[in-house]
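Next comes just one chain, in structure tokens: the form predicted on its own.
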Amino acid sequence: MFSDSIKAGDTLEPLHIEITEQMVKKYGEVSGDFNPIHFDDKAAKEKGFPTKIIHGMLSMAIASNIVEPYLQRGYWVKSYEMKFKAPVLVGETISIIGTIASIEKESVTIDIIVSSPTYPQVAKSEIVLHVYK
């Protein structure tokens, strides 16, 4: 069960994370995705981006950090969906804001908005956490 201290409408502690070239490089190595738009400014510009962009799944992984405090308290991620609206540029600091959308008997739904200095909304997601039994 969730604590009585949280309720729908509550906001989570926002996160502000700088996306470094090292993070993109490591993600490329782990994922095997070496698309040049992530590593080469010229290639990114040829595809219409202002500069290198990060992997979409990297932004999804980073955004999920906002629920880390819940995971440390005995909850697990039941589902996680993200809609990408704009790219994240390498070197930007993204802001991640979470809001408790609803609380059920054994789960909580959290809406997440990811923004950057270039784009006011790069992604929107929903994470459903479930309590361990």
Partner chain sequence: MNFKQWEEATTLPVSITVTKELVNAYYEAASIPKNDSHHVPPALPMIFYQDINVPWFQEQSFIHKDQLFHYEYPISIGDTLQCTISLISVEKRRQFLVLHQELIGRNEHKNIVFSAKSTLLKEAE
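Positions refer to the first chain, counted from 1. Predicted, not measured: the structure shown is a model, and the values here were computed from it.
Keep in mind that the form predicted together with the partner chain is missing from the display, and what follows is about it.
**Student:** Can all three of 17, 57 and 62 be found with a heavy atom no more than 4.5 Å from the partner chain in the model of the complex?
**Tutor:** Yes, the whole candidate spot contacts the partner chain.
**Student:** In the model of the complex, does residue 79 come within 4.5 Å of the partner chain, counting heavy atoms only?
**Tutor:** Heavy-atom contact with the partner chain at 4.5 Å: present for residue 79.
**Student:** Hey, in the model of the complex, does residue 83 get a heavy atom within 4.5 angstroms of the partner chain?
**Tutor:** Because a heavy atom of residue 83 falls inside 4.5 Å of the partner chain in the model of the complex, the answer is yes.
**Student:** Would residue 26 count as touching the partner chain in the model of the complex under a 4.5 Å heavy atom rule?
**Tutor:** Result yes; residue 26 sits at the interface with the partner chain in the model of the complex.
**Student:** Taking 4.5 angstroms as the cut-off for heavy atoms, does residue 68 touch the partner chain in the model of the complex?
**Tutor:** Residue 68: contacts the partner chain in the model of the complex.
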